[in-house]
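Take a look at this single chain, the form predicted alone, given in structure tokens.
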Amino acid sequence: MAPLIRIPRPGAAKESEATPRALYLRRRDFLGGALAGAALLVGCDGGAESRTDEAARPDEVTPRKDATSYNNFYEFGTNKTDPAENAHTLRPRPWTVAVEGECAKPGTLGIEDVLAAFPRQERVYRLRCVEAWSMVIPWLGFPLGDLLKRFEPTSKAKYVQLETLWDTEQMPLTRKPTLDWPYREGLRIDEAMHPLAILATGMYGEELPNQNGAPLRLVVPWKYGFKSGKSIVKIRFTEQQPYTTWNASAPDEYGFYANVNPDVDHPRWSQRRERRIGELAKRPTLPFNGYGDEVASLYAGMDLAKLF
């Protein structure tokens, strides 16, 4: 197995602020005491400086149990708990990923080849769902750009489309037209090459669970979670902006860019605040999910309300 490398990134949720594994596994016991302590802290002076700043609250790692039992993966059901209950039918081995389109060296890689070729790093990233809930997850993966460069994209490669497995035997619920299968997502080539965009093969120091997109999923921390396609089987370089599933299904609700933006509401709810799983109070949503220092320059001069 490829070695694990820890590389801290500016703007990332701080590992020093992460709840220790043993502690977050006992979070139910810990929560009551933590809330009581927070109440004492807020009331210690009674002055303005004693108020807690919600935007500055530490980013604690979400308990593994929550991150693996509450998520979206419509191929296994539309309720948050469905993927954990139904994804046992997914077979993540053997697995291949085909790379095609505007590149000089199209080809296919097996998942074992991927694991051997690309050293994995631990990235502790915030995850912000378009539905206004969020988590903090320690992923194991490698930069998407490292894989893309192996296939030598041509000057015509302006975008990258990623496609999820569509197998009605392994994913029986895709026999229903819930979405236009297979699930497809896409990025501009400069977004895909950005070092914060990774292909994840694991989380919480373990292999990626089926319900979280085994054996290979995209993670783009400054975008809403639906951009991060799961169980990827195909990558295609394109000259034109590619078809993406949610944008095609409801273009007035799910933009192609899908950058986390508290100033652009979903038509049916506000994006200004979010519910961090495991917390009682909502917290302010950060532009670009808190990674603006690294990625905002990708969108210089763009109208982010129009190109949402």
Partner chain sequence: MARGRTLNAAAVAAGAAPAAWLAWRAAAGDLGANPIEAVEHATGGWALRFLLAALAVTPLRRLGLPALAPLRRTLGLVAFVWVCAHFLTWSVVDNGLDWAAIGEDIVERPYVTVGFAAFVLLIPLAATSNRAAMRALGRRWVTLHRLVYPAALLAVVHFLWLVKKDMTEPLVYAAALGALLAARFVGRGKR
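Residue numbers count along the first chain shown, from 1. Given the structure is predicted, the values throughout are model-derived calculations rather than measurements.
Omitted here: the form predicted in complex with its partner chain. The next part is about that form.
**Student:** From the list E122, E131, D146, E207, which entry has a heavy atom within 4.5 Å of its partner chain in the model of the complex?
**Tutor:** Selected residue: E131.
**Student:** Using a 4.5 Å cut on heavy atoms, which of T108, T154, T168, T178 is close to its partner chain in the model of the complex?
**Tutor:** Among T108, T154, T168, T178, a heavy atom within 4.5 Å of its partner chain in the model of the complex occurs only for T178.
**Student:** According to a 4.5 angstroms non-hydrogen atom cut-off, is D66 in contact with its partner chain in the model of the complex?
**Tutor:** So D66 counts as contacting its partner chain.
**Student:** Might S249 be said to contact its partner chain in the model of the complex, defining contact as any heavy atom within 4.5 Å?
**Tutor:** Answer yes; at least one heavy atom of S249 falls within 4.5 Å of its partner chain in the model of the complex.
**Student:** So in the model of the complex, is its partner chain close enough to S270 to count as touching (4.5 Å, heavy atoms)?
**Tutor:** Answer yes; at least one heavy atom of S270 falls within 4.5 Å of its partner chain in the model of the complex.
**Student:** Spell out, yes or no, whether the shortest heavy atom distance between T78 and its partner chain in the model of the complex is within 4.5 Å.
**Tutor:** So T78 counts as contacting its partner chain.
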